[in-house]
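The form predicted alone is given below as one chain in C-alpha cells.
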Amino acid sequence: MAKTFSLMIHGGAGALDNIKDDRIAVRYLESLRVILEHGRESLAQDATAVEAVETCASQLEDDPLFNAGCGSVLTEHGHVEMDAGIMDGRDLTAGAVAAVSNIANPIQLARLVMDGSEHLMLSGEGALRFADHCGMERTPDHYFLTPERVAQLNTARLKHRVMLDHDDAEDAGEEQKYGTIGAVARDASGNLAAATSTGGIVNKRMGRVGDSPVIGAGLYADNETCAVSATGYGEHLMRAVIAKTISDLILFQGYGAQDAVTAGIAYLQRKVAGRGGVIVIDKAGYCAGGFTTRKMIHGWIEHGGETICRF
C-alpha cells in the first residue's frame, strides 16, 4: 500500500431525513464526488496530504450547500464568524483561525498561520490583520449572506434559540443545510493530514468558537496513528476531545481505523451524549466514518480505489 493514497471528506452530520427533494440530495452527493475526484487527481500527481486536504476543504467552503465559507450560518447579529484548522501528521504542526469574517477560505488562512507564523491559532481581528499581512484579500459581506442562511437566522430568532446546523428535523422544525466540512488524507508517501472548517451554529453569540479549529477536538493528524476530522455539536466534541481520543485508541490499543471510530463514537455517546461524527484515515490508509446522528454526508477513496459517497 506504500504507493497508494487515500482521501475522505465530509459535509456535516445530522438528520438528513428532511432533505426530501431527491434533487437536493443529488446535489450534495455530486458535490462530494467532484471534490473527491479533484483530490484524486492531485494526489495521483504527488500532491502532499496537506495540499490535498487544503484544496478539498477550500472547494467545500466555496459551495454554499455547506456551512463553511460561502455557506456559513449567521451569528445573533446577522454576521458570519468562521473557524478552521489544518494539521500535518509528519511533525504535528498545525494552524487555526477562529471567529474570522470576510475571508472566503478560512482553511487557507489557517494554512498560512501554520506555515508563516510562530503561532498555532489566531482569532478575530488579529487573524484578519495577519491575513492582510499575508496579502489575503477581504471578501465583502454580501458574498456570505445567502438567502437560505438569512431565513435560517430569522427562524432561530423567532424561536429565541440557538440552532445547530445539524439539528434533527423534529428539533429544528424546518429544512436545514448540513454543514461543517472536513477532509483527511494519506498521500503516496504515507503522510497524513487533516482539515476542518465551519461557520458554527445559527444565532450563536458573537465570539463563540466551536471544535473545528481546536487541535484534538475538531481535527488531529499524526503519521504514527491517523488523521481525523469531526463534525457536530462542537461543545460535545471538545469535551470528549474526540479526534485525539480516536488517535490514542490507535496508538495505545493498536486499533485500526474502523475499530478506533467505533470505540471513539461509543465514548462520545457514553460520556457526553454527544451529537456528531468523524471521518478517519489510519496510518495504513484505511478509511472509516462513524456518527451518533442519523446520518453524515461523507465520501472516500481508499487506497486509490473507487469513489464512494453516501449519507
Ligand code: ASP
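One rule holds for the numbers: they count along the sequence shown, beginning at 1. Because the structure is predicted, anything quoted here is derived from the model rather than measured.
As for the form predicted together with aspartic acid, it is not shown, yet the points below apply to it.
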Of L153, A240, V214, I201, which one comes within 4.5 Å of aspartic acid in the predicted complex, counting heavy atoms only? I201
Name the residue from R157, R208, R90, H79 that puts a heavy atom within 4.5 Å of aspartic acid in the predicted complex. R208
Residue-level question: is Y233 within 4.5 Å of aspartic acid in the predicted complex, judged on heavy atoms? yes
Indicate whether T180 is a 4.5 Å heavy atom neighbour of aspartic acid in the predicted complex. yes
Pick the stretch from 221-229, 105-113, 192-200, 134-142 whose residues have a heavy atom within 4.5 Å of aspartic acid in the predicted complex. 192-200
Taking aspartic acid in the predicted complex and a 4.5 Å non-hydrogen atom cutoff, the residues of 239-254 making contact are none
